[in-house]
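Only one chain comes next, encoded as structure tokens, the form predicted alone.
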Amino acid sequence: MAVGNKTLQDLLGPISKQMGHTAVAENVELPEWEHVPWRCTDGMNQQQLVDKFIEEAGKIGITIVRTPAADIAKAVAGIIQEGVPEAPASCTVVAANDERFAAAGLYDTVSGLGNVSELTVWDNTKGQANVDAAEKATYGITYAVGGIADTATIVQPSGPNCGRTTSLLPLVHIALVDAATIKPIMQDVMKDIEAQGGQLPSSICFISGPSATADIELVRVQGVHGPMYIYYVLVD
């Protein structure tokens, strides 16, 4: 392979020589490390991972609501009824098209709230109309495929039943996550995704708290590139 007027051998040869090799190795074997990095989640059982997830969420401005699976509609409705300072008196909601939401009666419950003027359930056949609904929505509701205890991160793939804008454009993101799916660190989640095989989704968002930036004079501002408020509904 040539890079400009240089070959790969030209680039790697001097490095290989400095490492004491007579030639560039054709294959590289993973070394056997004498020491491995310590992880704060090492040795934790599932309940401890959940506790760690909740603890880290509090540090980055995420509100945790715990609920049994049978009451997810009630939990989500409570969040919307409570509202946030920037929410209008009459708000709109966009939600993933998820059979768990339908089975729990979430769509009927949310659309029946007095402060909800419109509920849009993601419909892949409607294309841009879904994005337009998410752009104007106050609340976006999704069901994450898992969580990461170390950083209170949720794993949110996109797909035909839940476009990425559901979690990225509304003022408030309400993400449901099963407590049993919380993993210690990101590598564990990636291993699970890799083990599933098949075609990957068009994107997988790793979301750790409200959108924020401190680029300008180191002043932290939330909601510049996405939701200002994040709620994790932790399903036990």
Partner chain sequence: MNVLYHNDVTLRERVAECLQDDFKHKAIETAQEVFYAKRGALVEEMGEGWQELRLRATEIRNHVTENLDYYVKLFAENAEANGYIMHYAPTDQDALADVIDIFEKHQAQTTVKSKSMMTEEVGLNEVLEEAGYTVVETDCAECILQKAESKPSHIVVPALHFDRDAICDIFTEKCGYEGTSVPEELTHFLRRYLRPEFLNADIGIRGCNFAVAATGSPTLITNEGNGRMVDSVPKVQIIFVGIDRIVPDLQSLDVMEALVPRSAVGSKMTAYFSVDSGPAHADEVDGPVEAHIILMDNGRSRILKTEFEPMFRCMRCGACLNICPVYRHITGHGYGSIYPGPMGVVMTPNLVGYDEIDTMVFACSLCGACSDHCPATIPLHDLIRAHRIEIVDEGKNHSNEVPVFKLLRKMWSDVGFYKFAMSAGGPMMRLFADSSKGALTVNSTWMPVVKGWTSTRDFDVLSKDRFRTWFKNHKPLAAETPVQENQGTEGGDA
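For the two forms, the rigid core is made up of the largest set of C-alpha atoms that agree within 1.5 Å on superposition. The model shown is predicted, which means the values in this text are computed figures rather than measured ones. Numbering follows the first chain given and starts at 1.
Beyond what is shown, the protein has a form predicted together with its partner chain; the following relates to that form.
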Task: Options 103-111, 120-128, 67-75, 87-95; stretch whose heavy atom lies within 4.5 Å of its partner chain in the predicted bound form - done: 120-128
Open item on the list: So in the predicted bound form, is its partner chain close enough to Ile207 to count as touching (4.5 Å, heavy atoms)?
Closed with: yes
Open item on the list: Residue-level question: is Leu200 within 4.5 Å of its partner chain in the predicted bound form, judged on heavy atoms?
Closed with: yes
Open item on the list: Considering non-hydrogen atoms and a 4.5 Å limit, does its partner chain approach Ser211 in the predicted bound form?
Closed with: yes
Open item on the list: Against its partner chain in the predicted bound form, would Glu135 count as a contact residue? Criterion: heavy atoms within 4.5 Å.
Closed with: yes
TODO: Check each residue of 221-236 against its partner chain in the predicted bound form and list those with a heavy atom within 4.5 Å, in sequence order.
DONE: Val221, Gln222, Gly223, Val224, His225, Gly226, Pro227, Met228
- [ ] Superpose on the rigid core, then tell me if the C-alpha of Val224 is displaced by 2 angstroms or more between the shown form and the other one.
- [x] no
Task: Cα displacement of Leu12 between the shown form and the other one reaching 2 Å, rigid core superposed - done: yes
- [ ] Superpose the two forms on their rigid core, then report whether the C-alpha of Ala195 is displaced by 2 angstroms or more between the shown form and the other one.
- [x] no
